[in-house]
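In the form predicted on its own, a lone chain appears below as structure tokens.
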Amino acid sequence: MRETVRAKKHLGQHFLNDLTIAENIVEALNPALQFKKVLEIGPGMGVLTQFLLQKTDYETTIIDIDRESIAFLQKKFPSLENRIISGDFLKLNLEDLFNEQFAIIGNFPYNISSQILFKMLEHRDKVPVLVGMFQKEVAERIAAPPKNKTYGILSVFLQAFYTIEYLFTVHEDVFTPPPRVKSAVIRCTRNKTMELGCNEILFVKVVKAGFNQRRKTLRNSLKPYIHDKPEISSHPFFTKRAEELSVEDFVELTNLVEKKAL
């Protein structure tokens, strides 16, 4: 068996080689959330996989787009048998794969990490927790509170349905090859929000419009939605910038826009 897998730049591969960090990432999954399945994305050479397979609280499935990694993992972990998927997570039909709740974990390729999170949001009623490695700047953005310069679209969308915890920072030297940036591990745990309490399609549009012109007040960035109606634009929200509003504020703002402007 080949002892290593070549890291491929076009796949954004940086293989974690620190076993203590790998074990800490796996330990961050909380089995008390009662999931019985775990999906690991981008296992590479299986540094997380080896610790996941030691757990008896859940069953692990792994997926990787790299055929070389798949061949390596099939030989390294024969006990996984038919739970090794060769394919693209972003194209995977999760409904076909899991008919119950499942957790997501991984040292995610940084070039698709945001897309992984958006797919998690699409399946939020089945994904109670995600633990993953991200580029540090992205992790900070996800976990940022309102009135923070890194708080943005991704922060609002994720925090609407998940509690975000920034767990720890990871130095670039513990990867092969080392990335040019620091990394960080975060945990997203599903909160109790089942429905936002507003039109979700409009919510997405309002949040995006607000942050797409984040230096402007909401009166200006949401102009197409309020149609210069003074009974709307006089609301205190419209004197603020998007980064000043919490998730709950955006829900209220969406209801205001829908009720008065549409």
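Counting begins at 1, following the sequence as shown. Model, not experiment: these values are computed from the prediction.
Another form exists, predicted together with S-adenosyl-L-homocysteine; not displayed. Remarks below refer to it.
In plain terms, the part of the chain that comes close to S-adenosyl-L-homocysteine in the predicted bound form, with a heavy atom within 4.5 Å, is 35 to 43 out of 35 to 43, 200 to 208, 53 to 61, 213 to 221. Although the partner is absent here, residue 102 lies well away from S-adenosyl-L-homocysteine in the predicted bound form, with no heavy atom inside 4.5 Å. Residue 146 falls outside the set of residues with a heavy atom inside 4.5 Å of S-adenosyl-L-homocysteine in the predicted bound form. The shortest heavy atom separation between residue 183 and S-adenosyl-L-homocysteine in the predicted bound form exceeds 4.5 Å. Though the partner is left out of this view, residue 238 does not reach within 4.5 Å of S-adenosyl-L-homocysteine in the predicted bound form, counting heavy atoms only. This chain is displayed alone, yet in the predicted bound form one of 138, 160, 112, 153 has a heavy atom within 4.5 Å of S-adenosyl-L-homocysteine; that residue is 112. For the partner-free chain shown, 63, 64, 65, 66, 69 of 49 to 70 come within 4.5 angstroms of S-adenosyl-L-homocysteine in the predicted bound form, judged by any non-hydrogen atom.
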